[in-house]
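A single chain, nothing else alongside it, follows as structure tokens in the form predicted alone.
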Amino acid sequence: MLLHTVNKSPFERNSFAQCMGHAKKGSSVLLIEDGVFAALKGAANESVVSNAIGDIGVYVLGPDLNARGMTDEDVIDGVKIVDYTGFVELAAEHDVVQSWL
């Protein structure tokens, strides 16, 4: 299994779009740093995230979300919020980690 990490805002770079285009069923996507903006309700890419949930696991790093003034309430339904321990567990559960820059 593959864990994709995205740390750039989908409003600044196309890293998130490229990641979602390559994420295969059974893989996971973890949004970190400014990548957390891709997990927001009402964002332009909300349908991409919502449609992917079920085929892939979509996660957001809670401390990065909170550092940007957002809460769990702001996150698209179905996106799982993890802490740093959860980040480490995801990395350990997957065979490969692919970072999208």
Partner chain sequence: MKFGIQVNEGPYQHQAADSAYNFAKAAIDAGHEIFRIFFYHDGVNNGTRLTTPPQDDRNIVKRWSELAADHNVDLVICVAAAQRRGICDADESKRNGKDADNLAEGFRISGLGQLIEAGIESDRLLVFGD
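Positions refer to the first chain, counted from 1. Here the structure is a predicted model, which means the values were calculated and not measured.
FYI, the form predicted in complex with the partner chain isn't displayed, but the following is about it.
Point to revise | 4.5 Å heavy atom contact with the partner chain in the model of the complex for all of Tyr84, Val88 and Val97 | key: Yes, each of Tyr84, Val88 and Val97 comes within 4.5 Å of the partner chain in the model of the complex.
Check your understanding: Should Ile32 be classed as touching the partner chain in the model of the complex when contacts are defined as heavy atoms within 4.5 Å?
Key -> Taking the distances in the model of the complex, the answer for Ile32 is yes, it comes within 4.5 Å of the partner chain.
Review point. Heavy atoms within 4.5 Å of the partner chain in the model of the complex: does Arg13 have any?
Key: Looking in the model of the complex, residue contacts with the partner chain include Arg13, since a heavy atom lies within 4.5 Å.
Point to revise | the partner chain contact at Arg68 in the model of the complex, heavy atom, 4.5 Å | key: Taking the distances in the model of the complex, the answer for Arg68 is yes, it comes within 4.5 Å of the partner chain.
Check your understanding: Hey, in the model of the complex, does Asp64 get a heavy atom within 4.5 angstroms of the partner chain?
Key -> Heavy-atom contact with the partner chain at 4.5 Å: present for Asp64.
Exercise for review: Let me know which residues along 1 to 26 have a heavy atom within 4.5 Å of the partner chain in the model of the complex, or say none if there are none.
Suggested key: Residues within 4.5 Å: Asn7, Lys8, Arg13.
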